[in-house]
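The chain below stands alone, shown as structure tokens; this is the form predicted on its own.
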């Protein structure tokens, strides 16, 4: 089958297996070309490990110091005349590359919010590892079925208290537009916290701790974002912000809950990157397009793998891991929030229009990065040639 990108709003409904494999191999090559990180955790569980920050959080420990990893995700396999999701192809490509180099890697595909998947992962840890040293929580989902009550919660990206009005971008028509979003209801705020907050992170840690599967000195980190004030109405001060506040609440609770085994939880504030999740948030694609150009011009741009490598090297491995303070937050968004970077973004923001979009921002680069999430726009991949959709992992647990 010949696979071409089919974009609907902020979703690409196709993915290219060879392009996704190329994406994984490029990230692996980046890590292999860095100075190896010493003293990293040997057994790493990544919840939400098939794309973006989660995928990179498997690649860095594996190919920097040979860590064993288990990745948990919920991805669609290939079917007749329908490609799998990018996360499926990424995960298979990662496992194949890891095993080719002699490293342990296992994939678990299913609803990470469910008790069933928690049990299957716990059994895998018990049988193959005994215990786990680091847990990365990088889960992103529009909805969550609560494992105890069966209630299905949905997340809503909305402001709180007031109607939001501001610039955004219509990525289908390549136009700068004026966006307007009605404020969230109390039910929508509560639902977003249930889906994107810290309750499930807590449940994972409590379950594994109860089974004795957390190693002494266990570390766990969840990923978050804050950003500059231009995005705050629909992010920090909106429904997502409430969920991220709950994530920090959960981090403090986890540290207390695992105090008996010297456990610590952290929330890592990462920089804005092009992702399917961020593409769905009004204002953010326009901000990302401007930020991309500004950070490149200032020589401080980092893509996802560079960001995660710095996180592990500076905070989660070796001596730095042992010397961490009592602070909950890890800030690796420092380059994005540099005063000179944000000053440049702020100067561009009021001036940008459809007519000067490509001159004042990196919008074309943004669109290219978006397509690369799904395996497109990679050099050396023959996109006009037939490709086998049925890429599989015979050992995948589901």
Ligand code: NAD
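Positions refer to the first chain, counted from 1. Here the structure is a predicted model, which is why all the values come from computation and not from measurement.
The following text describes the form predicted together with the named molecule, which does not appear among the structures shown.
Put simply, of 237, 224, 258, 171 only one has a heavy atom within 4.5 Å of the named molecule in the model of the complex, and it is 224. In summary, among the residues 160, 140, 283, 125, the only one with a non-hydrogen atom within 4.5 Å of the named molecule in the model of the complex is 140. Partner proximity in the model of the complex, defined as non-hydrogen atoms within 4.5 angstroms of the named molecule, places exactly one of 43 to 51, 357 to 365, 26 to 34, 338 to 346 at the interface: 43 to 51. Remark: residue 290 does not count among the residues lining the named molecule in the model of the complex, judged by a heavy atom distance of 4.5 Å or less. Residue 78 falls outside the set of residues with a heavy atom inside 4.5 Å of the named molecule in the model of the complex.
Contact annotation for residue 155: none of its heavy atoms lies within 4.5 Å of the named molecule in the model of the complex. Interface membership of residue 271, defined by any non-hydrogen atom within 4.5 Å of the named molecule in the model of the complex, is confirmed.
If you take 99 to 134 and check each residue for a heavy atom within 4.5 Å of the named molecule in the model of the complex, you get 110, 111, 112, 113, in sequence order.
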